[in-house]
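To begin, one chain is listed below as structure tokens, in the form predicted on its own.
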């Protein structure tokens, strides 16, 4: 087994390799003067089970192209099996046609990875579960819920908890977390989205008065939805609002928006390499998921069960 990494999130790749007690594969992923990507693997990978760690976060297209070229280089070097480890799967929000003459970009990316030569895909908290069906190769979708639940129990276990979904679409995810928190009660934020990246909170379904609310979602991008939801919960009498989000995209002014919001704390995983602004914010905390990914990689390599990780 070998672990290889692109440039998207080297710290995460190193942490996964450290968990598995393996060195990162010696490879160069660099650019020519015109920004063309060039990959050169400096060690033998013939007949090896290779895992390429590369979240396709900002800049999405560059990181996706790096991943595709890494896979192609490994295929041409006769690697036995190539697994694309994509903790954050870019383009996942384009999983259906929201209107006429629009693309389903998530399916396109799935096709690109398959055609490049990936034999399987490993991701974390895909935006929509059906994206697994976009691939014609085995796809494992890991859940950050066990890592989050352990952290919530350690920090808020002595408080009266309420798990909150920021929208109706996230209820399944919120219910799964609530089940891990000794069947904590569930609340839903009912909102109307007028345009992408903007939302207006309408009302709160459930009694949150006096409770420590845990907002759970898979992606925070601009942060508008989350900050509006936090304010609405506080207006309804919540004791505190903490958000646990798997993928901290945090584009534009999201960090300052979170810092100035009613949120007590925003907890994100390191599926995407945090920006300097996110690291500097006293309201944002990073939760490592290298052990989760490392254990899943070990089980895939050993041909043992991955799903039992979440039992």
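These numbers come from a predicted model, not from an experiment. Residue numbers count along the first chain shown, from 1.
As for the form predicted in complex with ribose-5-phosphate (R5P), it is not shown, yet the points below apply to it.
Chemist: Among the candidate stretches 107 to 115, 214 to 222, 131 to 139, 152 to 160, which one is within 4.5 Å of ribose-5-phosphate (R5P) in the predicted bound form when only heavy atoms are counted?
Modeler: Result for this chain: 214 to 222.
Chemist: Taking the shortest heavy atom distance, is residue 167 within 4.5 Å of ribose-5-phosphate (R5P) in the predicted bound form?
Modeler: Contact with ribose-5-phosphate (R5P), yes.
Chemist: Using 4.5 Å between non-hydrogen atoms, is residue 93 touching ribose-5-phosphate (R5P) in the predicted bound form?
Modeler: Residue 93: contacts ribose-5-phosphate (R5P) in the predicted bound form.
Chemist: If we define contact as a non-hydrogen atom of the residue within 4.5 angstroms of the partner, is residue 191 a contact of ribose-5-phosphate (R5P) in the predicted bound form?
Modeler: Yes - in the predicted bound form, heavy atoms of residue 191 and ribose-5-phosphate (R5P) come within 4.5 Å of each other.
Chemist: Is any part of 111 to 128 within 4.5 angstroms of ribose-5-phosphate (R5P) in the predicted bound form by a non-hydrogen atom, and which residues would that be?
Modeler: Read in sequence order, the lone residue that approaches ribose-5-phosphate (R5P) (within 4.5 Å, in the predicted bound form) is 127.
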